[in-house]
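Encoded as structure tokens, the following chain is the form predicted alone, with no partner shown.
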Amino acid sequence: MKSIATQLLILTSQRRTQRNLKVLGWFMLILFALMSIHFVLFHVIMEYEGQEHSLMTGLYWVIMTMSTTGFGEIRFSSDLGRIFTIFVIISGTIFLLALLPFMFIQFFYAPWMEAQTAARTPRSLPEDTTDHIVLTRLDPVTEALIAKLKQVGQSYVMIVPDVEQARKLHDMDVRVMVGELDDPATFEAARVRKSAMVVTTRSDAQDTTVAFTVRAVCERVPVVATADLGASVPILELAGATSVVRLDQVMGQALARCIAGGDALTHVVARFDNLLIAEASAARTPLIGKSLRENQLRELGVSVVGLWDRGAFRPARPDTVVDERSVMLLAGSASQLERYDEHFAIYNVSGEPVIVIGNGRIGQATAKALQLRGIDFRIIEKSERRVTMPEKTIVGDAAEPRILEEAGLSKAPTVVITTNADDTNLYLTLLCRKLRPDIEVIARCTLDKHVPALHRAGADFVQSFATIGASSIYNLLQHGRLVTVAQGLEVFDTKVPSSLAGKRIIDSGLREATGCTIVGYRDQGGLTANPPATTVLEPGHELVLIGDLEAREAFLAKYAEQA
């Protein structure tokens, strides 16, 4: 009903439409007058012939005759009556069969369809629109970002230059606005002055134009742009971009952070102030075969948030048993993680290089991140022209077992698959898992929908380009209040919900109610990692929580209005 009301408002508010409706109204008035004259003459001539008919019969005869559907039981016997009948048929043919459809289509149906299109693809936002995100393109990253924005109730609009594309996006339940991205008037109409952020994920040149155009309208609004090339970063900043995100670098770092195979040490995958989230492989350590209660890792100061098992995340419970394939997700301060490493550094030591398949932008970023961590690696690249580190690169097709063996698959602790084709990554995951059942497999995918398939194929970790990119941008909107740890797992902070104020952590029932785990507590003294279970939650203080997407959504649904 709201959509129809909007369309009617648009239909009646346009000057051209008002003129069209006026013309259509005059036509209907003339048609009514003509039918009234026919109605009167019908009764006059019938009375002249000595026939009497009811008023309804007269109306019935006029409509049947003008519409040329015919009549049988009612007819004139005089020539005068027959001449009148011919005139009625001709006038009906002209007015009802020719002019009426034309007038209806031209002055009502066409404007109505235009109003529908205008309602679905507006060229401006209401003047009271505020605190919204302005997007410039629908791609896997912004699609994942829109899902996050909807999850937290954040409004947004996507500016689309093409009306037909805008109509399709509207039908996909994407809020759109039609406008040219190089026209300042478009961003004025998008109420960019009152927006929370502009996000542009087009080509480097197009992003530069968007940033420059936005700055002509508003100097204050944050502008986040993505860049494919490192050389584009200063140009985008010069054009007015507040933040420039290199998605390939972010993705490469995310893939490198997942590498836990080869040793039993902790590897930091996320930071939240002084709280660190790290992963540690349990393979070949004394932890295997024991429950978390029996392992007593809490005595070292670290908290086991959960365990990864071939891509499946299991929240930690006291009776959770650690097995050979488990990768533990730990939370703690730097000193707490160091104490853990002191106990387990002697286990599961491997100096063999990690294999990186693909030397595109993301493969190169992964290799760079591994260098910074001091991890040796070998790259498999199919194309010679893409080789950047000849001394560490094996040129060949990774789909050939011979090439994988030449790269050291039989001894490598981890293989990282970075190509941009999800079907290729699925094939390589299956192949590596078949050749080395015990190897750690980390895979990149472009679309979120392919994450489960890669896990089923045997990948221990899968990083979605869409999710990682969207999380990087969303984190800028949240000013660092949300960090993506791994695919579908996030750390975020929030005020203590009013219903939990005064309760101890152990009595809060937060994990049972939402699936989120408390890993930090911030009060006047700062952030405490892994607060004791007896800590009393005070109003105005903050919790740092970790959970998957479902857990975070459950928390927001239950406590968002209280936080």
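All values reported here derive from a predicted model rather than from experimental measurement. From 1 onward, residues are counted along the sequence shown.
Just so you know, the form predicted in complex with a small molecule exists too; it's not on screen, but the next bit is about it.
Problem - Segment that reaches the small molecule in the predicted bound form - one of 337 to 345, 273 to 281, 319 to 327, 374 to 382, heavy atoms within 4.5 Å - result: Going by heavy atoms within 4.5 Å, the stretch is 374 to 382.
Handout entry: Residues 357, 418 and 444 all lining the small molecule in the predicted bound form, heavy atom within 4.5 Å
Key = Yes: each residue has a heavy atom within 4.5 Å of the partner.
Exercise for the section: Would you mind picking the one in 367, 462, 269, 398 that has a heavy atom within 4.5 Å of the small molecule in the predicted bound form? Expected result: Result of the distance check: 398.
Practice task
Select from the listed residues 141, 428, 287, 412 the one whose heavy atoms reach within 4.5 Å of the small molecule in the predicted bound form.
Solution key: Only one listed residue qualifies here, and that residue is 428.
Problem - Contact of residue 298 with the small molecule in the predicted bound form (heavy atom, 4.5 Å) - result: Heavy-atom contact with the small molecule at 4.5 Å: absent for residue 298.
Exercise for the section: Find out whether any non-hydrogen atom of residue 449 is located within 4.5 angstroms of the small molecule in the predicted bound form, and reply yes or no. Expected result: No, residue 449 is distant from the partner.
Exercise for the section: Find out whether any non-hydrogen atom of residue 242 is located within 4.5 angstroms of the small molecule in the predicted bound form, and reply yes or no. Expected result: Heavy-atom contact with the small molecule at 4.5 Å: absent for residue 242.
Handout entry: Any non-hydrogen atom of residue 361 within 4.5 angstroms of the small molecule in the predicted bound form
Key = The answer is yes: residue 361 has a heavy atom within 4.5 Å of the small molecule.
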